[in-house]
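Encoded as structure tokens, the following chain is the form predicted on its own, with no partner shown.
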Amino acid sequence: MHGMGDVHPTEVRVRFLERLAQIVPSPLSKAFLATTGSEAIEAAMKTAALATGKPSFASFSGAYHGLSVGALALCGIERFREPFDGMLPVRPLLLGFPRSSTPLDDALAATRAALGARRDLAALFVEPIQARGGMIVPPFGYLRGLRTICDELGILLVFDEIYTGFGRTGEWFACLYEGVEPDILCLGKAAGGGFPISAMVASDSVMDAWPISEGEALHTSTYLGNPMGCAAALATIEEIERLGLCARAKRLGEDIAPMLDSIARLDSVVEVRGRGMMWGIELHDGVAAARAVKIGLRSGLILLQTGVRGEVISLTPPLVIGEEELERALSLLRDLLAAS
């Protein structure tokens, strides 16, 4: 169940890498495997620095890319950064992340101005939908606009799809809604169907910035390409395809729209937003959200509190959830929030 994959790749690792290259957006083709999302992010940071020769990065307010020291340097949620700010290696250029109601032209103009003022940026890291930041969906066209801006300014575009990937939003990857191809894609969480494995995938031109190893790797990990992780990831991909889970997540997201609308009209709710099987219910404050999570657990609901102020309840049910189960869960949640 363990093999030194960075030295002697196993057959299952090769098969997973080949399969991964088939499902990620073109022209991404070369991957670095790891165990956690943070490792994938930090591999992307190193790759971008090597490919561009630049030392700095941009991300967004509300961004969450992991809590290891390197990944934390990209964090846009202050409560995670503040205790360790003095030891972090770099502070990113933090951009404002637009909501779906933000005029697209205004959002892109602000982003272009902020990025254009810097000459030391290797890459822009972005979640297609901000997850820990509160399930924030940007205006349609914003991701494609980022691609154009990054091309103009010579900045690599990195999509963090550790949360949104593998069918969660109704597509294999959320960036496919706009047909955008990043320079680097970071994956994790659902990749192994519950078994720890992550990946950073990039184009040939970007990945070839790494020097050829002549014995001692410049960047590696003990569990890189773990055979069990690769086998789990291969099985996960096959099951997602066999069960049509991407299309199912999209359909279920559309089917539950009326119930989500009824929740959005409750006095205790500020806004409901999301896509596919990834939704956020914003309440008035973190106290209300924490109370809802605790009461929900007593009712049989497993919910998660999220958002910059902890004011959002996230709904990310399994993509294989039964339709009656999903309807029952939303009914319980609506009654719970109505009583708040």
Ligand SMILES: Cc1ncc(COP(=O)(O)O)c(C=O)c1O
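Start at 1 and count along the sequence shown; that's the residue number. Because the structure is predicted, anything quoted here is derived from the model rather than measured.
Although not depicted, the form predicted together with the named molecule is the subject of the following passage.
Residues of just one listed stretch (254 to 262, 161 to 169, 88 to 96, 142 to 150) have heavy atoms within 4.5 Å of the named molecule in the predicted bound form: 161 to 169.
Interface residue among 279, 64, 57, 32 relative to the named molecule in the predicted bound form, by the heavy atom within 4.5 Å criterion: 64.
Taking 219, 81, 250, 189 one by one, only a single residue has any non-hydrogen atom within 4.5 Å of the named molecule in the predicted bound form, and it is 189. Proximity of residue 127 to the named molecule in the predicted bound form: non-hydrogen atoms within 4.5 Å are present. Although the partner is absent from this view, residue 314 stays clear of the named molecule in the predicted bound form, with no non-hydrogen atom inside 4.5 angstroms. In the predicted bound form, at least one heavy atom of residue 36 sits within 4.5 Å of the named molecule.
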